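So this first bit is one chain, no partners, the form predicted alone, shown in structure tokens.
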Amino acid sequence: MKQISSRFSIAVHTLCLIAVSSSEDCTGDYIAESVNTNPVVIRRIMGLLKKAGLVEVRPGVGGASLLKTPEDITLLDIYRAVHVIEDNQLFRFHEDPNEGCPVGRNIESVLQSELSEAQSAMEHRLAQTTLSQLTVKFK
């Protein structure tokens, strides 16, 4: 079974670390050490977060800071920033089901509304949680 990309959890980890650290400390290497991953992975994630207007990255000397307060960044903002899903669909359908089979012919139309509602519920829940609600749990 294909899992949702780890970019989301890495991005949340990264933003929480930036929120609780000084901007001088938050270099790519420092963040990569905390996440326990290659700095290249962090640079890619930081590029997505920067493009979404969530972080500022200082070139040269390094370091990153939040462009919004932790109270104003939701998990949904982060989820959308790192492109966890393709084509705005969390659930994908298998290709070419057998049209001669009543299940194969109808599975996508039968499941589509259920899966869309599940995705909406998850996104609604993510929108209710802010970065600050997470960072207070790390102190």
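Take the two forms, find the largest set of C-alpha atoms that superpose within 1.5 Å, and that set is the rigid core. Note that this is a predicted model, so its numbers are computed, not measured. Residue positions are given as counts along the sequence shown, with the first one as 1.
Just so it is clear, the following notes concern the form predicted together with a further copy of the same chain, a form of the same protein that is not shown.
Of the heavy atoms in residue 65, none are within 4.5 Å of a further copy of the same chain in the predicted bound form. By the criterion of a heavy atom within 4.5 Å, residue 106 is counted among the residues contacting a further copy of the same chain in the predicted bound form.
Within this chain, residue 34 lines the site of a further copy of the same chain in the predicted bound form, having a heavy atom no more than 4.5 Å away. At a distance threshold of 4.5 angstroms between non-hydrogen atoms, residue 97 is in contact with a further copy of the same chain in the predicted bound form. In the predicted bound form, every residue of the candidate spot (122, 126 and 134) has a heavy atom lying within 4.5 Å of a further copy of the same chain.
For the stretch 6-24, the set of residues having any non-hydrogen atom within 4.5 angstroms of a further copy of the same chain in the predicted bound form comprises 6, 8, 9, 10, 12, 13, 16, 17, 20, in sequence order. In this overlay on the rigid core, residue 104 has a C-alpha that sits 2 Å or more away from its partner position between this form and the one not shown.
Put the two forms on the same core and the Cα of residue 51 is off by less than 2 Å between this form and the one not shown.
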